[in-house]
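Heads up, the chain below is alone and in the form predicted alone; it's given as structure tokens.
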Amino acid sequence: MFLSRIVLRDLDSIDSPASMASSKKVVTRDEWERKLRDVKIRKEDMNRLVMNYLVTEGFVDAADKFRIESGTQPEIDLATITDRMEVKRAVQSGNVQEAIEKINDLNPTILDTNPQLYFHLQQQKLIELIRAGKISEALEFAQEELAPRGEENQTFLEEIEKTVALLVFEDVKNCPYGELLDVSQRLKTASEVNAAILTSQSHEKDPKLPSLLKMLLWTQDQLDEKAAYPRMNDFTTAELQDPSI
């Protein structure tokens, strides 16, 4: 990413009309690798980036081993990762009430200060009741727990209506909101919970590494317009592909 920015800066002159009329500048592999060697990135910064990813994604064992091997200290207590992952797994398995109780044990202010998150958990609980075929219980829950929130918030009301619509169709495959019963809906709610817990711990809700990779893609796309160079197309191997001339 840093290298691409440097090359972009070096190629600013190509933006002139005369330059644009000519072919793209060709950067050979030797020249590119020489520029790579000139870019200095501290090992400590790379280690912190790895630790940030492990902590944010909840890989507690890997984070602990990495802490020991690299000497990199995590920004939060690793014990809290286990608690956060237990909450996340509870939502993913459909045990919403268990998740709510665990969140309150972890930090009761999370749900008190985040009405949207609490609503989505309650909505997920309604979805799980419908999934289990507990129709009477689902209707009662929707009336007593969700309806009052819908009266206060138009967006919540629309979400309630979509969820209750699942009860109208004998075959949810025919329901336009049938995706609410998909596993992806559980994952969406679990992700929201995970982000809220991280925020409460003064930690970024998203890992930095994916954002940096997106920035690398964007930078390469910008550079493609100006030059032919060894491009990284496969981030899993980090191999460079020679430019097509």
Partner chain sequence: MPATASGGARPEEAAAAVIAPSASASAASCMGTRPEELTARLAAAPGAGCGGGGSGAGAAGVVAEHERVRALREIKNQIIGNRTKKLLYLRLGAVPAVVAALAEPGASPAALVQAAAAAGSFACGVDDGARAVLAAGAVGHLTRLLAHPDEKVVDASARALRMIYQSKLAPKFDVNNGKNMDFVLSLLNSENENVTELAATIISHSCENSAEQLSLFNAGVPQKLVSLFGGSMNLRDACLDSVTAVIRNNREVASRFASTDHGKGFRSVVALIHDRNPRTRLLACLCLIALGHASPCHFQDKQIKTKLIMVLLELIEEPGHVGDEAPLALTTLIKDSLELQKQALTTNAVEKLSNHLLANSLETRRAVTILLALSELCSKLEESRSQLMSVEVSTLILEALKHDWADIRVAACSCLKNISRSPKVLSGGRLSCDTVIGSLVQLLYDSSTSVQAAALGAICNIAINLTPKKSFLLHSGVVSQLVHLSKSMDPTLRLKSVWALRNIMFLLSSKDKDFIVKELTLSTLSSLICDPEHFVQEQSLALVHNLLDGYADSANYVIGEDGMVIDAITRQLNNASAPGVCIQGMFVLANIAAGNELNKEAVMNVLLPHRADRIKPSFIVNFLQSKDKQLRVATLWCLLNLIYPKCEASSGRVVRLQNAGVIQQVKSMINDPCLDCKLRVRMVLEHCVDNADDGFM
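Residue numbers count along the first chain shown, from 1. Everything quoted here is computed from the prediction, not taken from an experiment.
The following text describes the form predicted in complex with the partner chain, which does not appear among the structures shown.
Across the proposed site, Tyr118, Pro148 and Glu152 without exception bring a heavy atom within 4.5 Å of the partner chain in the model of the complex. A residue is said to contact a partner when one of its heavy atoms sits within 4.5 Å of a partner heavy atom; Ser184 fails this definition for the partner chain in the model of the complex, lying far away. Using a 4.5 angstroms threshold between heavy atoms, Asn194 stays clear of the partner chain in the model of the complex. Put simply, Asn107 is close to the partner chain in the model of the complex: some heavy atom of it is within 4.5 Å.
At a distance threshold of 4.5 angstroms between non-hydrogen atoms, Glu161 is out of contact with the partner chain in the model of the complex.
Residue-level contacts in the model of the complex: of Thr219, Thr28, Thr199, Ser70, one residue has a heavy atom within 4.5 Å of the partner chain, and it is Thr199.
Proximity to the partner chain in the model of the complex, taken as a non-hydrogen atom within 4.5 angstroms, holds for one residue of Glu33, Asp64, Glu204, Glu57, which is Glu204. With the partner left out here, the partner chain still marks one of 72-80, 162-170, 109-117, 88-96 in the model of the complex; by a 4.5 Å heavy atom cut-off that stretch is 109-117.
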